[in-house]
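Only one chain is given next, in C-alpha cells, and it is the form predicted alone.
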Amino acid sequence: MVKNTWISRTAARLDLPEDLISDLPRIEWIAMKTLKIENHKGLNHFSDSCIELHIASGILIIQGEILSVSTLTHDEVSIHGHIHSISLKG
C-alpha cells in the first residue's frame, strides 16, 4: 500500500501517467478486433477462443473467436480476432 501511494504521489507531482512509472498494465482496445497490452508478465494460456495473460494484479482473461497473437515481446502483446470480453481474475 505504501509503495502504491508513493507511486501515485510521484506520478501526480511529475504530471506523468501512473502506468509509466509502475508495473500497471496499459490496455488499448481498438474496434472490438485488436487489443494491445503493455506491462504484461507472460502468457498463461492460449487458444483461438481464450487468451490468459499474467499482469501485476492477477490474470487478464480475453475471450472471443478466432483469437491470435500478432506481437509478443517481454512487455507488450497484440491480440487480434473477434474480442467478446476482457476480465480480471485475482
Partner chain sequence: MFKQWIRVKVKIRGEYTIQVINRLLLNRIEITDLKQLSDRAEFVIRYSNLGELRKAARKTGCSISLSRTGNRIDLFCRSYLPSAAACLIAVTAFLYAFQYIWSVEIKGANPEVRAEAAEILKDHGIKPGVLKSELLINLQSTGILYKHIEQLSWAEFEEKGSRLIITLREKTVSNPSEEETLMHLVASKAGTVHTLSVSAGSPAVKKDDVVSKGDILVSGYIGREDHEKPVMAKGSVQAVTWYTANVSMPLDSRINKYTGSNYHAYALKAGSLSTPYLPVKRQSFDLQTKHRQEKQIKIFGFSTPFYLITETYKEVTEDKQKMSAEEYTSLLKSIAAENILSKVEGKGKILEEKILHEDIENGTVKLTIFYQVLENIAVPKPFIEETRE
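Numbering follows the first chain given and starts at 1. All figures in this text were calculated on a predicted structure; none of them were measured in a lab.
The same protein also exists as the form predicted together with the partner chain; that form is not shown, yet it is the one meant from here on.
Using a 4.5 angstroms threshold between heavy atoms, residue 34 stays clear of the partner chain in the model of the complex.
Of the heavy atoms in residue 45, some are within 4.5 Å of the partner chain in the model of the complex. Not displayed here, the partner chain is kept clear of residue 13 by more than 4.5 Å at the level of heavy atoms in the model of the complex. The shortest heavy atom separation between residue 24 and the partner chain in the model of the complex exceeds 4.5 Å. Taking a 4.5 Å heavy atom cutoff to the partner chain in the model of the complex, the contacting residues in 57-86 are 68, 69, 70, 71, 72, 73, 74.
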